[in-house]
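Shown next as structure tokens: one chain only, the form predicted alone.
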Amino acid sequence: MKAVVVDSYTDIDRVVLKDVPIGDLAPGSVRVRVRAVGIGFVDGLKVQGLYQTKDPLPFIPGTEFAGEIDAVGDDVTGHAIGTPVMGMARSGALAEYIVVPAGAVQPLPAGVSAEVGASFRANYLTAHYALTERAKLRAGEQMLVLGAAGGVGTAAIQLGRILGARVIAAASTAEKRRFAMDLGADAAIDYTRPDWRDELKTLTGGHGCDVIVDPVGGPVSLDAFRSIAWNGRHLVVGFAAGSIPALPFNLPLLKGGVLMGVDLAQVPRREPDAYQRVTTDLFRLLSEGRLEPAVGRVFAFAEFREAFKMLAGREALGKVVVRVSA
């Protein structure tokens, strides 16, 4: 099969498509013919060896995928060959086939495309867990979303509206701000302007932000925390800006605010009940049509490098997808 193979931690330009064997079908596993793969900022970090954890070399990048069941291993029930599914794995999705434990995939709801299925789990699970299990977002609260046009940002906007919050989207370009407003944000703000916190204060009526969703990091994170409301919650999701800020400890004291980490990779092991609650509710919302994942640009398999470059350049609107097969 064809697969994107990382032989050494390197720039994406040096990564190539290769012919590799299809993985063995172990008991309890399924083989999926991959149709589409969702690419996130973390995937680019993993290719370069810059993520907090490193995949053993060589490895196939990509964690989020959709396709159909091609084969089932012994002891697998409830998964029929040909069933459209969506799933997540630690790695291995940027390939024509992927073998995963049967529990790693779920049926694709009727009417949901492979591109949407590959855009759903990672970002929406992260945003839902962050807002409901960590921040305990309440109806009527003021929520600021940094990096609002990205994968986590778009998920947070949609879920924030469903949960009854007033959503303020922060993004660096007019195009991204329009995109966020089209997704349902109540207001949009340019956080590259030196006076953006003054505008934010006006938008919140001087109250500040009850919840801040932050997949960006860098200096803007510190500025955002300075605009947090009393008893506000700042959710640390990632560092797309490329730098990790250092928060002066006097700020939480003066603001009465709380800094909260959100690492979805640890949730299934550390909080299995919470993970199940979030997963169940998300699939309910998707099946009911209340969530419409924002699929951005879709790249052909041979164009996978361009997908990574779009994310690295922070040019993406919504989730970037690689179409592996028709």
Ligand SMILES: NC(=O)c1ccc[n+]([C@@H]2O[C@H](COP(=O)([O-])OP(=O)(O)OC[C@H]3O[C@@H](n4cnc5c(N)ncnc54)[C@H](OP(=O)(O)O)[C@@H]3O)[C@@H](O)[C@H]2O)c1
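Quick note: we count residues from 1 along the sequence shown, nothing fancier. Everything numeric here is computed off the predicted structure, so don't read it as measured data.
Omitted from view is the form predicted in complex with this ligand, to which the following refers.
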Q. Any idea which of 29 to 37, 263 to 271, 65 to 73, 280 to 288 reaches within 4.5 Å of this ligand in the model of the complex, heavy atoms considered?
A. 263 to 271
Q) Which residue among Pro245, Gly92, Gly238, Gly208 has a heavy atom within 4.5 angstroms of this ligand in the model of the complex? A) Gly238
Q. Considering Lys176, Lys255, Arg134, His79, which brings a non-hydrogen atom within 4.5 Å of this ligand in the model of the complex?
A. Lys176
(Q) Given that this ligand is not shown alongside this chain, does Ser221 nevertheless sit within 4.5 Å of it in the model of the complex, heavy atom to heavy atom? (A) no
Q) So in the model of the complex, does any heavy atom of Tyr191 sit within 4.5 Å of this ligand? A) yes
**Q.** Contact flag, Ala312 vs this ligand in the model of the complex, heavy atom cut 4.5 Å
**A.** yes
Q. Does any heavy atom of Gly160 come within 4.5 Å of a heavy atom of this ligand in the model of the complex?
A. no
Q | Heavy atom within 4.5 Å of this ligand in the model of the complex - qualifying residues of 209 to 232 | A | Pro215, Val216
